[in-house]
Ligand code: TYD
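In the form predicted on its own, a lone chain appears below as structure tokens.
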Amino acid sequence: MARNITSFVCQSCGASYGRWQGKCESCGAWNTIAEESVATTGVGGAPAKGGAKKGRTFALAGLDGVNDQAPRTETQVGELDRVFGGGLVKGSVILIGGDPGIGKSTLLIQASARLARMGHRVVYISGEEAVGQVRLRAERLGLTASPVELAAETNVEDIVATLSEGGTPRLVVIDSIQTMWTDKVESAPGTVSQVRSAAQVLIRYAKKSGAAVILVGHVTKDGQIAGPRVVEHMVDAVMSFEGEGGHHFRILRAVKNRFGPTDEIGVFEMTGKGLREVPNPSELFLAGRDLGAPGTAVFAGMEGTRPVLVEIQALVAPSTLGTPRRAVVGWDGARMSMVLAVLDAHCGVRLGSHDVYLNVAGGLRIAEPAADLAVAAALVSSLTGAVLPADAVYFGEVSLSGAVRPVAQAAARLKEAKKLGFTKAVVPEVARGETGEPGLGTQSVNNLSTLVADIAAAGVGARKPKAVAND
């Protein structure tokens, strides 16, 4: 018979201990360690016996030979296929996480319906909603005619047994992995042991049958996928579905992908009929911007293989506090502190007595250092009151010495800027000769002080009429 071993497992990171303690030494979380009882089993899930079991031999293959894997299956949702790397790979397991109500189930039911209409077998397993609730969502989206097979079940053994009957599904959606449980683990659903064991059963089924499996995962307060980190290592791809509550668009971002790029994004717009693809997100992020206000600069960035233009907004105001405020939304706060230090040390821009607020318009989160030049331009523009040219884009990395360093894929950034009607680009010195775009003028800067001087000169001219009016 199988023996039950009691251990104490952190529900945040999955670390195991021999006794209970208040703080997890691995992740530092408090009151996350819970007692779990795990049945020891042998190879393949069989109960472990007293004596050692002899392993079985298996055939080995070489690197050459015919690959019997089927090509990718497109879901006909362009933005979803872009993030996947071109479509679903046979036997792959994908983990999608996102905040509650962000639209994960809506996106997956739309993708399932399109695949089913193409003649593929698609199974949607819901562990959180009843079949009637899933049907109501499909009715609202106009997808009731799609032959998607539905079920409300949480036992993974029963799910695998049901899926094994009939033809192999092309896609299986499990919503969500935190609700699944297995008979092999004597703990409550949602615990580390149950999530890890249930995911392992589903992954084994995907690899043996060739069906693509999508697991929906909950997220913690800081946006990380809940449960043990080992589940992210077990799956083939990890996707993060992001979006701000005050905005109507959603971003699907690849965090890990064994079959495609890891820095690709897909942009969707939430409408009354579900999620709509946004083929040109730059127009969405730049819509409604104030062309005559100081403190705004357009940054030409890259998200994977796609150039994206987004507006950087800055507000610099005198502070009445001993320690001025520094607030950043959509960018790295430490990176902004570095840009402020460079402006102070090498450009003579004193912001130590000012509150500084920085925002990436539209709710997009930027991670690349190429936004340094656009951020610096927006900060100086807000401080001096100079309005930056509305038809200009900025990109470049600022070093600690004040030099402006070149960035990758400059040609794609300039091409996207020209397509959207921009006529000027402020770029690093090295990038000018190798990224020329007909019809788009480039202003090269090799040092941040040069750009600051140009913006400050325009700001002095902009303040003259105001000074005369006050007199």
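This structure is a prediction, so every number in the text was calculated from the model and none was measured. Residues carry their position along the shown sequence, with the first being 1.
Omitted from view is the form predicted together with ligand TYD, to which the following refers.
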| property | result |
| --- | --- |
| 4.5 angstroms heavy atom contact with ligand TYD in the predicted bound form for Gly166 | no |
| 4.5 angstroms heavy atom contact with ligand TYD in the predicted bound form for Gly132 | no |
| Residue contact check: Arg170 to ligand TYD in the predicted bound form, 4.5 Å heavy atom | no |
| Non-hydrogen atom contact Thr320 with ligand TYD in the predicted bound form at 4.5 angstroms | no |
| Region of this chain that lies against ligand TYD in the predicted bound form, out of 150-158, 373-381, 198-206, 99-107 [heavy atom, 4.5 Å] | 99-107 |
| Contact residue in the predicted bound form, from Arg289, Arg258, Arg140, Arg350 (heavy atom within 4.5 Å of ligand TYD) | Arg140 |
| Heavy atom within 4.5 Å of ligand TYD in the predicted bound form - the one residue of Val342, Ala116, Val387, Met270 that qualifies | Met270 |
